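One chain follows as structure tokens, the form predicted on its own.
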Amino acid sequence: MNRLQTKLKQLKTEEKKALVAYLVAGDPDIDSTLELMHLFVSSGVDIIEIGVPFTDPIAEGPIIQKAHDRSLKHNISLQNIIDLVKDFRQVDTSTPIVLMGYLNTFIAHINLINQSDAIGVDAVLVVDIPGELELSNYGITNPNIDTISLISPTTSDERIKQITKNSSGFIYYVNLRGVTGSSNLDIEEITSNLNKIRTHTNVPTLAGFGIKSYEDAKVLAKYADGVIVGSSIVEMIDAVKDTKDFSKIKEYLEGLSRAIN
């Protein structure tokens, strides 16, 4: 088992839920990203999701789109992100890392992705490929890297069945019919869909999109195996990009960790 599978198994044994925190690499700068990754861990985050900047991040709302734009202005590349993970692993060898990005970036750097487990990447989430297809269809063939798949409220039963077959690590359940940063969670629908997913797989299912408050996280943690928080963190990072005072982010994450457990 890699770090991600080990962490999720450990949390299940301890009857705890996973807290996944997202940030865009290089926003506001690469040194701050490394600092924030360590801050995430010290604040109770179980899994770090690193956004790989892309010119057309179609799944993202305005907050994360702007973070991608800011990062690209710093010319952040996938190689920079791999180097970032190497630096992180000099201190932290156990926290799972997921790279979340778009297909063009990954297939343009297939060699980097296929070797990335050697420097500490545990999974990739490629947003814009059909879940029925496997990463190997695109030349990404490293068996030590988990494939995170997205399932949304509009995914058909037949597609859920196929997507779960191709998924490892965890299933990313999209809470909303929209982009990241949306709101208005429908708990009844979410619960129903999570139960449906579990009829097809034992892979943990984590819920993301639209989680902003402690109450959002607390409610969803009753039904999902963990929660994924992105836009609210990215917005907080941008708000303090000049001072680099990340103390409120630490408080926020500590609160989320308490809320879900």
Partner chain sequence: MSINDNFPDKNGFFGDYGGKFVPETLMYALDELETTYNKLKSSPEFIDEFYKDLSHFVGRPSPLYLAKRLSDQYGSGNIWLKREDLNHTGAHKINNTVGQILLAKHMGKKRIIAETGAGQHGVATATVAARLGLECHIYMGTEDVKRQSLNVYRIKLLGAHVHPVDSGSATLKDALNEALRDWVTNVEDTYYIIGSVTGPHPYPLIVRDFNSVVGQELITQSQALFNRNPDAIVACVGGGSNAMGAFYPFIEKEDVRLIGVEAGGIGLETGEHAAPLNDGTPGVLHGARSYLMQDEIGQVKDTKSVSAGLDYPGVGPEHSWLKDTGRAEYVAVNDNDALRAFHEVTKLEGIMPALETAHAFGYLPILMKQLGKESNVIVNVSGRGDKDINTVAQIDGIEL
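Residue numbers count along the first chain shown, from 1. Please read these numbers as outputs of a predicted model, since none were measured by experiment.
Form predicted together with its partner chain: not shown, discussed below.
Just one listed stretch, out of 200 to 208, 46 to 54, 220 to 228, 22 to 30, contacts its partner chain in the model of the complex at the 4.5 Å heavy atom level, and that stretch is 46 to 54. Contact annotation for the candidate site: T105, Y138 and T155 all lie close to its partner chain in the model of the complex (heavy atom within 4.5 Å). Though its partner chain is absent from this view, in the model of the complex it lies within 4.5 Å of a heavy atom of just one residue from I190, L125, I129, V85, which is I129. Proximity to its partner chain in the model of the complex, defined as a heavy atom within 4.5 Å, holds among T95, S77, S168, N142 only for S77. At a distance threshold of 4.5 angstroms between non-hydrogen atoms, I110 is out of contact with its partner chain in the model of the complex. Within 4.5 Å of some heavy atom of its partner chain in the model of the complex lies at least one heavy atom of Q65. By the criterion of a heavy atom within 4.5 Å, L72 is counted among the residues contacting its partner chain in the model of the complex. Using a 4.5 Å cutoff between non-hydrogen atoms, L185 does not count as a contact of its partner chain in the model of the complex.
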